[in-house]
Ligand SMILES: NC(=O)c1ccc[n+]([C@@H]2O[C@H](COP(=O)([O-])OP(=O)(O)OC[C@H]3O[C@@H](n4cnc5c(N)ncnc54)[C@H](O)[C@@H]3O)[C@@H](O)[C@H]2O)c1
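So this first bit is one chain, no partners, the form predicted alone, shown in structure tokens.
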Amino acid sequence: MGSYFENVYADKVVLITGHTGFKGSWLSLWLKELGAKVIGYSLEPPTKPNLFEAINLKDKVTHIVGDVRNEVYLTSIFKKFQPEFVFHLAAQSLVRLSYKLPKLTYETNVIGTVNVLEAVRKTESVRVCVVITSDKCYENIEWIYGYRETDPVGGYDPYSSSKGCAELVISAYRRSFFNPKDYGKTHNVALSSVRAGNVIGGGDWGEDRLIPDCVRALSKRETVIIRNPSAIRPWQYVLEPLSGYLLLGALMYKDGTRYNDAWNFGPNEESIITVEELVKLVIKHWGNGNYTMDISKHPHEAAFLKLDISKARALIGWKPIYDIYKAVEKTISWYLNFYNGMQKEMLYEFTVREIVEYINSMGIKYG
């Protein structure tokens, strides 16, 4: 694993869409520490506070404010910086907001993905493109089995549906323009999509997300209010899927024909727990607090969702490192440092150490 991961990104130009978001900020930081030249293209951070500003990433990566719906501007950034790697994370990522703003959701998640892939088509420097979609892209019939990459995509709500649509777009572009059979002949692009579980970690203040909702309430000594307490989700620490994206990207760079596909990066079985169980763990690590149930009616959300990660285990040697207990411990530790007033540079170094510790747990030499 380390033979592909280590040093592959050093001195490479890596363009990340959505770099100001929660996962995008963690990925930008990790790539910077791996020696990459990170070009970020995104709207301004979606919340206050946010990880991007909390660790002052604006001064450490090339920060470009732009909308993936703006094809002309997006393409101009590709042409200007000539990236070799592209990680597309920019999205409207909230289920409940997708009910309020369905058109925006489809424009961002579907047309935005088309625009990124068109920019890749027009930029000869690109060797690897990894598009981050969602575990919710599957046509979820809420069975007890984990969804495999070959299962049908779809979606009940506009957000899930838009991610299913994005997967169809990616598949069409892979077969039509970036076909592995034509690699080295008509193109030099390896294209994959990746699907993660419910990601948790320090620095997320997103709306309608469980950990941020808990942290906002607990930091104000308020009662945590939860909906759908019995809903089961594949919870995972933020560095888990990111390690999968980076490993996959490195392998795609080494072999442009073998790894072009859809990939699940989810947690182990023991980390698939209910909303209520997760909240209890959060309160335990916070040190105090209580919660109550919101019994009002909400838009439909799936009650059960699980990913099958056997493909990533078998074919690229990826596996989860932290269980749910370690994931919550690490997550709440980060927030406690933030709310206890840790300065930006110290918080930056603390966050980097979290990455180093995780890499050491993976058995990859860092540097």
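Sequential numbering from 1, following the sequence displayed. Bear in mind that the values here come from a model prediction, so they are computed numbers and not experimental data.
Keep in mind that the form predicted together with this ligand is not shown, yet the notes after this line are about it.
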| property | result |
| --- | --- |
| Interface stretch in the model of the complex with this ligand - options 335-343, 322-330, 43-51, 308-316, non-hydrogen atom within 4.5 Å | 43-51 |
| Any non-hydrogen atom of Ala90 within 4.5 angstroms of this ligand in the model of the complex | yes |
| Any non-hydrogen atom of Asn198 within 4.5 angstroms of this ligand in the model of the complex | yes |
| Partner proximity in the model of the complex: Asp135 to this ligand, non-hydrogen atom cutoff 4.5 Å | yes |
| Interface membership of Gly66, this ligand in the model of the complex, 4.5 Å heavy atom rule | yes |
| In the model of the complex, the one of Thr108, Asn115, Ser271, Ser243 near this ligand [non-hydrogen atom within 4.5 angstroms] | Thr108 |
| Heavy atom within 4.5 Å of this ligand in the model of the complex - residue from Arg174, His187, Arg209, Arg127 | Arg209 |
| Within 4.5 Å of this ligand in the model of the complex: residues from 18-56 (heavy atom criterion) | Gly18, His19, Thr20, Gly21, Phe22, Lys23, Gly24, Ser42, Leu43, Glu44, Pro46 |
